[in-house]
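Taking the form predicted on its own, here's one chain by itself in structure tokens.
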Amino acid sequence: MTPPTDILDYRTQSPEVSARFSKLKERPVVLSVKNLTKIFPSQNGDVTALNSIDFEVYRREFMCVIGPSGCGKSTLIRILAGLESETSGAVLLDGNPVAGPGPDRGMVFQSYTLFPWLTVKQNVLFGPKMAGQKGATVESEARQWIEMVGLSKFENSYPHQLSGGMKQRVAIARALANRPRILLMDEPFGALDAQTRCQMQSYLLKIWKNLDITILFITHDLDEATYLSDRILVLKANPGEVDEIIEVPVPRPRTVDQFVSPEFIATKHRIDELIHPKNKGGDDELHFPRMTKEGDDVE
């Protein structure tokens, strides 16, 4: 489909949005990724998943990462979480090298990773208890996190008694209970139905607004990236490299009404241009033999 010719330039920002980005870049850098490369050995030769990735995330920024299949989004976030080691380059959190998992980074996965034998409250308490914290204060804080995600009535329920969206809210509360510097989210709403996904996006924005937390969020959804983020890191595939970092010109606070705003449409259109370039061609083109009678057309 040919896009409309009157789409606003995605780089167009209102004075309010420009001022917001100026203030953002005055904040301390929480996460710094420098010349990050990841190579996987294989029987057919080495495969470069990520190549010379460079970017920074500022304090209390909400950054989304998006790109075509095979661009290394999940590999990137696993390296940031310390679950995977880089081949070369560096990941710095508050200027300190990341050398493995740590409570300074909270992680929320797409799949439901709650401990099924623990209640909601026990799941949220797991991190602090592993860190040696105990007593009434820790229990009180756990209840605060559970209340923040709207599940106070379910603190004694088990994961199998919860819906998918509720499980992910518990996962967010569990990740936040360690008071991390940055929350890493790997397509956390990808398995949810559309209605629940929208609710979870709103929950997440409210949580982010009220906490001193920085968020890096992996997604494959153009609407989700545009709705949630301050900036969008677009990766290209084979190998995964930084294609562009987009400053989202949509004003905050965000509402669903903005999905049809010129700024929202322009940003989404630009992401689509980067992920699905018109002149790409090649291996991704599909060629179907005709298997119906002539004249039996449906378009």
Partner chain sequence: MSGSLKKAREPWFAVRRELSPQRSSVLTIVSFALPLLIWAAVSYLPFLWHPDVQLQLSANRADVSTVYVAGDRVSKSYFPEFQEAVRSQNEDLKKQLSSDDPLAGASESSVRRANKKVLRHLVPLLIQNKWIKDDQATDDEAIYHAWGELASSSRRLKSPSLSEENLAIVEDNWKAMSAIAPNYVSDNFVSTPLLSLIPQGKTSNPDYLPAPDQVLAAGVKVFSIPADGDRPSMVQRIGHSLQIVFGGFCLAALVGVPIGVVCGTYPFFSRLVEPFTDFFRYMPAPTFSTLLVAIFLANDAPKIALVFVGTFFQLVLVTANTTRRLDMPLLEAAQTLGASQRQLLTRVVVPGILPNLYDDLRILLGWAWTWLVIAELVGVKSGLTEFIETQGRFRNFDMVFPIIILIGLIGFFTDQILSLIKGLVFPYTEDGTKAASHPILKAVLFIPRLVLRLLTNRSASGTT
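Quick caveat: nothing in here was measured; it's all calculated off a predicted structure. Residue numbers count along the first chain shown, from 1.
There is another form of the same protein, the form predicted in complex with the partner chain; it is not shown, and what comes next is about it.
Checked against the partner chain in the predicted bound form, the candidates 190, 89, 164, 103 yield a single residue with a heavy atom inside 4.5 Å, and that residue is 103. Contact with the partner chain in the predicted bound form, defined as a heavy atom within 4.5 Å, holds for exactly one of 93, 79, 204, 107, namely 107. Heavy atoms within 4.5 Å of the partner chain in the predicted bound form are found in one stretch of 218-226, 195-203, 155-163, 68-76, which is 155-163. The three residues 116, 126 and 129 all sit with a heavy atom within 4.5 Å of the partner chain in the predicted bound form. In the predicted bound form, the partner chain lies farther than 4.5 Å from every heavy atom of residue 149. Interface residue remark: residue 138 is not counted as part of the site for the partner chain in the predicted bound form, having no heavy atom within 4.5 Å.
The partner chain in the predicted bound form is not approached by residue 185, whose heavy atoms all lie more than 4.5 angstroms from it. The closest non-hydrogen atom of residue 142 lies beyond 4.5 Å of the partner chain in the predicted bound form. Contact residues in stretch 11-31 (any heavy atom within 4.5 Å of the partner chain, taken in the predicted bound form) are absent; none meets the cut-off.
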